[in-house]
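Only one chain is included here, represented as structure tokens and corresponding to the form predicted on its own.
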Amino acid sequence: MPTDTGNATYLDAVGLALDSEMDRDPDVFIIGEDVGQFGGAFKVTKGFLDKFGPRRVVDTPIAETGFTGLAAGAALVGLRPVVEFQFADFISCAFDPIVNVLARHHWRTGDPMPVTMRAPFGGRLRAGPTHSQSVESYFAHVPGLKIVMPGTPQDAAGLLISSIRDDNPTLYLENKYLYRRLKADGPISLDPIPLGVAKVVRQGRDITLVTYSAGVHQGLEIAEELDKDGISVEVVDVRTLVPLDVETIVKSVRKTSRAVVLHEAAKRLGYGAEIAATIQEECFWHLDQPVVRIAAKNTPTPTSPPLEDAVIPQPAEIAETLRKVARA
């Protein structure tokens, strides 16, 4: 079982939140491939089967459509399922129950649908085109789903707790590159963090970087470097894509008058397009420069390390873009 040593990793934080919610609420259960005996593809649920038993930690066949549909049925009789997809790439197998059942049912009947879907996503692990995808935009277009993408261990815990307690179906996307690379700088709080509330993680005056997930850590490191050149970058972590905290983004951009949006997903119709459009609509008369997007190239993620690095945004590209927009 996960323990909080005072410097919990992002992965530990997810496990701590799950453990806490299963202790608190007997209606919460975990379902997915290898979540029990194997402890999950990344060992997030290691030890959960021994502690909570097979009725609350349910191993399934390789059948994403089936166990996602089962979770929908369980939610309708009052339970709070937490569905684990081994990789976000595999969630497309469950597109029908997510889009046509989970996202629609409440709006047809008024019944709550408290299903949390956890899915590790993203690249940088040299895992190739079928284990590196960023899937948020597929689902952000679908009314009825909430989408959460934490970028720090503390947010990973607090936002997962809020997702589980929420009566809406929630897609909770974990960046697996961060699992063992980010550590908390103190004990993890197990208080819920409200969904739909962005966070200004670095104050700045010259330009706003709007980002989420792995982009937060990346953006903070680059902002420190640019500060040496006299460029002050404000970094906004949106944390929840749906609902989007427009007010915090607008307040920041109206202050700096320049905005860059960063994410790991492909640029074409990526979520950055939604954020950029929102900024244009809400801040047009405050902007000194057009909003610029930094995103992955419009191609499947390669397995080859140099090719993957050429596809996914790298620090040099991000720094150069921020520098160019800030000084334009």
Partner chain sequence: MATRTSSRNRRKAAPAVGDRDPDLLRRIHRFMVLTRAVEDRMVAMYKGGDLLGSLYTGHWHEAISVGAASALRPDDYLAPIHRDLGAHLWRGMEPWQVMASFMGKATSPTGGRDGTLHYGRLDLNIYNLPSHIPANFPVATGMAFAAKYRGEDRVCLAFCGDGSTSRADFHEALTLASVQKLPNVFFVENNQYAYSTPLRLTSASESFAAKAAAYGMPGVKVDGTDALAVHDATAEAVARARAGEGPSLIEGVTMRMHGHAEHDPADYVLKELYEEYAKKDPVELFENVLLEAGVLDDAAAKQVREDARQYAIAARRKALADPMPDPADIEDGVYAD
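Since the model is a prediction, treat every value here as computed from it, not as a measurement. Numbering follows the first chain given and starts at 1.
The discussion below concerns the form predicted together with the partner chain, not included here.
With the partner omitted here, the residue from Ser232, Asn168, Ser137, Ser257 that has a non-hydrogen atom within 4.5 angstroms of the partner chain in the predicted complex is Asn168. The closest non-hydrogen atom of Pro300 lies beyond 4.5 Å of the partner chain in the predicted complex.
Using a 4.5 angstroms threshold between heavy atoms, Gly47 stays clear of the partner chain in the predicted complex. Taking the partner from the other structure, the partner chain in the predicted complex has a heavy atom within 4.5 Å of a heavy atom of Arg108. The partner chain in the predicted complex comes within 4.5 Å of a heavy atom belonging to Asn100.
Shown alone, this chain has one stretch from 259-267, 282-290, 59-67, 37-45 that lies within 4.5 Å of the partner chain in the predicted complex by heavy atoms: 59-67. Counting a residue when any of its non-hydrogen atoms is within 4.5 Å of the partner chain in the predicted complex, the hits in 68-83 run Gly69, Leu70, Ala72, Gly73, Ala74, Leu76, Val77, Gly78, Leu79.
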